[in-house]
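One chain is shown next in structure tokens, namely the form predicted alone.
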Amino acid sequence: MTIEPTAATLIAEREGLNVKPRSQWQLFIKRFLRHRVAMVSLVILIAIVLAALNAERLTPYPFDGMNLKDSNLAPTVEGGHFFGTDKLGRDYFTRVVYGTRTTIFVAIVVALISTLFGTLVGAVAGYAGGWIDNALMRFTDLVIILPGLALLMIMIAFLGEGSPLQVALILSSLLWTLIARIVRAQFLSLRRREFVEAAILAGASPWRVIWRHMLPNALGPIIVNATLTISTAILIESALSFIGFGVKPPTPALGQLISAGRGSMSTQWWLVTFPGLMIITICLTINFIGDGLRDALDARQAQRS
């Protein structure tokens, strides 16, 4: 049976008044897609990640394959060494791609672990309050005031063996504090909202209130800071690898490549330039994506959309 449209419906369609309601997720996607810099950065970052994940198919050389006859070659297209070679004749494009894979793996693991742990600490502190909040925040403050770089060097020297996973776990132990404080502030604000008080009065368990009612409303800052944690982890891991406390050879990492080529950068400039440019590109794209996410999740932007 066909239902005939009413006169009011026909008038609304003719005047353009039949606006369909949009969900918060649809509004977020629309605003993020409008952010041109973030979209371009996302495309570049996806291309870099795909290249790193498919390193074996992208280059015919192994990352540790040596050929002394082709040592110290400048970048060339005809010879197949797009980024040149190092003093051992290893294809530098291959080593940069594999190093990018290692650095991105460390950064993603750090972002996941530190975000999960920091969110848990901040959520419990913000919801519970009282002595639990004081104890967790004093522990967070203690971690913040520790000399981060020196402590990381000591932990890696005594606990780690230079594998990417071990470096990521050690970095995660110090990079969760910012997200913990942000989530705590969000939960302290949400704790006084009417829908949270209604859920508590209805008999919902603390974990249900946190998981179903408070955490979804705090996802915006969590997502934005998770993306920024990735770029922070890349810079710290590169700095540690540069001074010899990060990922150990033979596994290549971008900071390690810069460190290995710094002694001959005046004559073989490509040994430092290409891994350095890769670090800058990844960090810039992630920061631009974070800016786009922040603008898309901003409630004031939602009112203007």
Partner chain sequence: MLRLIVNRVFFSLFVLLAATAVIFFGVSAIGDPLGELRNDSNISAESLQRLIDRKHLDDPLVVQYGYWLKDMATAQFGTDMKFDRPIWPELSRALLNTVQLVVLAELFAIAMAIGIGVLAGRFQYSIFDYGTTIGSFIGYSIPIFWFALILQIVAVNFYQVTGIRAVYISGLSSVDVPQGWGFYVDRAQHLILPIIALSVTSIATYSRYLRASMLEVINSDYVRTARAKGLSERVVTLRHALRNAALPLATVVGVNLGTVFGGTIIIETIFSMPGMGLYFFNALTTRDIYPLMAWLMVTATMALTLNLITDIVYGLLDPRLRA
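Note that the structure is predicted; figures quoted are calculated from it, not measured. Positions refer to the first chain, counted from 1.
What follows is about the form predicted in complex with its partner chain, which we do not show.
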Give me the residue from P216, P147, P206, G129 that has a heavy atom within 4.5 Å of its partner chain in the predicted complex.
P147
Tell me, out of I200, L174, L169, L235, which residue has a non-hydrogen atom within 4.5 angstroms of its partner chain in the predicted complex.
L235
Would you check whether its partner chain, in the predicted complex, lies within 4.5 angstroms of a non-hydrogen atom from each of F245, V272 and C283?
yes
Is there a heavy atom of I154 no more than 4.5 Å from a heavy atom of its partner chain in the predicted complex?
yes
According to a 4.5 angstroms non-hydrogen atom cut-off, is I279 in contact with its partner chain in the predicted complex?
yes
Tell me, yes or no, whether A38 is in contact with its partner chain in the predicted complex, where a contact means a heavy atom of each within 4.5 Å.
no
L53 within 4.5 Å of its partner chain in the predicted complex, heavy atoms
no
